[in-house]
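Have a look below at one chain only, the form predicted on its own, in structure tokens format.
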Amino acid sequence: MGYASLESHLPSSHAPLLPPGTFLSISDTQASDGNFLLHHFVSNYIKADQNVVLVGLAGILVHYTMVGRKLGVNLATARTKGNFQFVDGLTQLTDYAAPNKEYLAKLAEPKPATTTSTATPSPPTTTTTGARITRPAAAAATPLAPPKVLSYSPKLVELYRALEGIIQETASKTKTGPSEKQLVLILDDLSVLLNCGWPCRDVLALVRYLKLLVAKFNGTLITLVHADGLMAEEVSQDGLVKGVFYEADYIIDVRGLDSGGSRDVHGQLSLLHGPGYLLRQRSGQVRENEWPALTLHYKILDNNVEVFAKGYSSGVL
């Protein structure tokens, strides 16, 4: 599978996979990249012949393909079989459209009083980027209507719709097959959306809707977000980290050593309980010590990652 030394510390009920219907949030810093954990889960799900949908907001397909080869996974073959789908997130978000300021300004305009009459749909407005957006007040209430909370960021709605279509198609193929497969949706860097200009509120709304969408198909959601201490002063970044943690069942925090750099230890992993896990624990849905909260050290090698308890690195012993 992925990193053998990490397996024993993950939830044991569905090892080496995560429990269906759960949400894992990975946080890291600029100095300690947590991307290696994403490679671990991609490798595990592909080797277990499960379905993976990877949204690349920071990484490209070539990067994941090269790392996958080191871990013994051929993503090209997995794509041919239909087990692996890669979505270039920034391509879906072109032309890097930030929230539509013209649309927001029109919403802020005072609305004239209207009399009771047969409602007629308002004509769609066209933005400077060519996107056609229908005003929510006049939009027909249909099951396919975009989530209202995302209406300020039309490009995020397009990304959500694209992922919804991929997940539904993948799930439908699985049901017609000989056995039902588990699905995992991975977003490799939510912080990129903030850097591209989307507000924290809309990014969190996207995460919530994707969490509900994946849970509908009994799948698993995994995201990565930057949680640098220096960024805590930025309201949007700090709000994103706290908001994602609030939605999560499991949390893995990747940090450097408090004592500084080391040749034998590259950083530490803190396995934490999210609110979702605590609620399921109280209701008796998870076994005791299924996800023990503890801090481990790790060392990144060329084609592996060694995870061990504090003070048990090969350099110390």
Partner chain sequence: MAPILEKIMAGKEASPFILVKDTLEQSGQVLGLELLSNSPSNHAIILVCAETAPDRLLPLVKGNHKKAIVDCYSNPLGWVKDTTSTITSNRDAASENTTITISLTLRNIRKATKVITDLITTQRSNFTIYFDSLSQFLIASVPDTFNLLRSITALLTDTSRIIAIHHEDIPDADSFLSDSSSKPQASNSLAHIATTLITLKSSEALRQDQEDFKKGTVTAKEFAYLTVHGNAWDSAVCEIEHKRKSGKVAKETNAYHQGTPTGNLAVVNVWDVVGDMPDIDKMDLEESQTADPAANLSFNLNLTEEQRKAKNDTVLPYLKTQESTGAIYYEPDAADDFDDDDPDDDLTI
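Just so it is clear, the model here is predicted, and its values are computed rather than measured. Numbering follows the first chain given and starts at 1.
There is also a form predicted in complex with its partner chain; it is not shown, and the following applies to it.
- Exactly one of the stretches 255-263, 36-44, 63-71, 50-58 approaches its partner chain in the model of the complex with heavy atoms within 4.5 Å, and it is 255-263.
- Its partner chain is not shown here, and in the model of the complex it never comes within 4.5 Å of any heavy atom of Lys181.
- Shown alone here, Val157 lies within 4.5 Å of its partner chain in the model of the complex, counting heavy atoms only.
- In the model of the complex, its partner chain stays beyond 4.5 Å of every heavy atom belonging to Asn303.
- Proximity of Ser32 to its partner chain in the model of the complex falls outside the 4.5 Å heavy atom cutoff.
- Between the options Leu190, Leu163, Leu75, Ala227, the residue in contact with its partner chain in the model of the complex by a heavy atom within 4.5 angstroms is Ala227.
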